[in-house]
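In C-alpha cells, one chain follows: the form predicted on its own.
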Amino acid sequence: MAETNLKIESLGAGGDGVATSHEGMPVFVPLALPGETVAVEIDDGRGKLLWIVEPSSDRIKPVCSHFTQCGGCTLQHLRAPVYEDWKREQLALSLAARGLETKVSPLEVGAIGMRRRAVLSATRTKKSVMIGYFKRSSHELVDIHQCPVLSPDIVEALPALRKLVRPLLSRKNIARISVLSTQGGLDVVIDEVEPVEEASQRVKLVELCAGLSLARLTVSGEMIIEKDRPYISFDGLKAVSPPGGFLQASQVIQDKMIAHIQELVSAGKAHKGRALDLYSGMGTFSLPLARYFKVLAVEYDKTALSALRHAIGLSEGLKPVEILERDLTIMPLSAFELRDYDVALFDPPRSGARAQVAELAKSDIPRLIAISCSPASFARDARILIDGGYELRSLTPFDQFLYSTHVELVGEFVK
C-alpha cells in the first residue's frame, strides 16, 4: 500500500473523516477531522492514518489514554461544540433522507463519568486477565485501566472484577460482563462462561465478592449472591432491575428525558386522562407518566414486566398502572384498540416500530411521544406518522453515549 496525502472534507456517519482519493473515490479515515491534511495508506476505501500533516483547529487532546486503541469511543478528539452540532446534523440528515424537515433542538448533554451501565469483555492470558473493549473493527481486546465515560465506581471495581472472573475463564473463552451502578452497589452479570456447578467454586466466588462494592452477582443466569437490592429510580420512584435488564445507560440523561417528556405531556389539553406506554420495559417512563395519567404499559419481556409489577408495588401516590403482555412486533395494538387514549409513548428497539406505528398513524390519539436510539428507524417511522396526518412538533436529541456516534432522541407528534 502506497502512502498518500489527502484532505479531509467531512465527518461521516460512523465518525470517520471522509476524503476523496486521487481516483475520485471516497476514502474513510478513522481519527481524522474535517479540514485536516493527513498521510494515509488506502486499502479498499479505508485509509489508515499514518500522521497528521495539517491538524484541524477543532482537534483537542483526548481525555482517555486508551483512545485510538479502544473501540468504545470515536470522537474524543473533536471540540465539544462541533461534536454536538455534528450529532444534531446526523439526525437532520436521517430526516432529510425521508423527505422530512424539522427544527432539531440543541443536544442535551451529560458529563464525563455519567455512564452507569457497561458491557465489558474479559479473557485470560498466561499471566493475567484482560477486561475492556475491543479495538475498532477488530476481535482484539484492549485491556482498560481507566474509562472517563463510566461511573467512577465501575472503574474502581475493575481490579476486583479481574479477580472475580478469573476462575470462570479458560484460555479460549471470552466472557461478557455487564455492570450496572445501582443505589445498593454494583449489579454484576457474567455470561459466556460455564455455569457454576461445584459448591467450592461458588464459595470461592462469594469470597472474591468481598473486594467489590457489590449488590448482586449473577453467573450464567444463576444468582450467586445478593448483598443488597440493586435499586434504581425513575423520577424518584424505586425499581429493581432484573440481572442484565435494559436501562437507559445514563441516569443523568434518563432524568433529563423524563423531565422533558413530563413537560410535553403536561402542556397537552388532554392532561390527566389515559396514557399508553408501548415497549414499556421495566417502567422507565410508565411510572413517571402515572403521576399524571392512568397508564397502560405494554411489553413482551417477562423479566421486565416482573420488575415493573414490583416497582408499582413500591410506589405511592400514582394513578393506576395496568400491564399488558404482548409482542408489538407481531401483534401491534390496532387503531380500534388505540381509541380513547390521550397520549401514547413508544420506545421500541433499534429496529423501530414499523407495524405499531402504522396503527398509530390511523388513530386519533392527539399526542404521541417517540423515543429512539436510531435516527434512521425514527425517520422511517416519523414518515409513516406524518403521512397519516401527524405533525412532528418537536425533536430533541440526548447524548448519553458520550464521544460515540450514537444519539438518543425524543420526538413529539400531534394531530
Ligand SMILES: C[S@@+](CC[C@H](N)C(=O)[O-])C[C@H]1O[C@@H](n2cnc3c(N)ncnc32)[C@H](O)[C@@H]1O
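One-based numbering along the sequence shown. Fair warning: this is a prediction, and the values are worked out from it, not measured in the lab.
The form predicted together with this ligand is left out here; the points below concern that form.
Considering non-hydrogen atoms and a 4.5 Å limit, does this ligand approach residue 301 in the model of the complex?
Residue 301 belongs to the contact set for this ligand.
Is the gap between residue 327 and this ligand in the model of the complex 4.5 Å or less for some heavy atom pair?
Yes.
Is residue 30 near this ligand? Define near as a heavy atom within 4.5 Å, in the model of the complex.
Looking in the model of the complex, residue contacts with this ligand do not include residue 30, since no heavy atom lies within 4.5 Å.
Hey, in the model of the complex, is residue 279 touching this ligand, heavy atoms inside 4.5 Å?
Flag for residue 279 set to yes.
Though this ligand is not shown, can you say which of 62, 388, 349, 26 has a heavy atom within 4.5 Å of it in the model of the complex?
Residue within 4.5 Å of the partner: 349.
This ligand isn't shown here, but in the model of the complex, which of 246-254, 157-165, 78-86, 135-143 has heavy atoms within 4.5 Å of it?
Going by heavy atoms within 4.5 Å, the stretch is 246-254.
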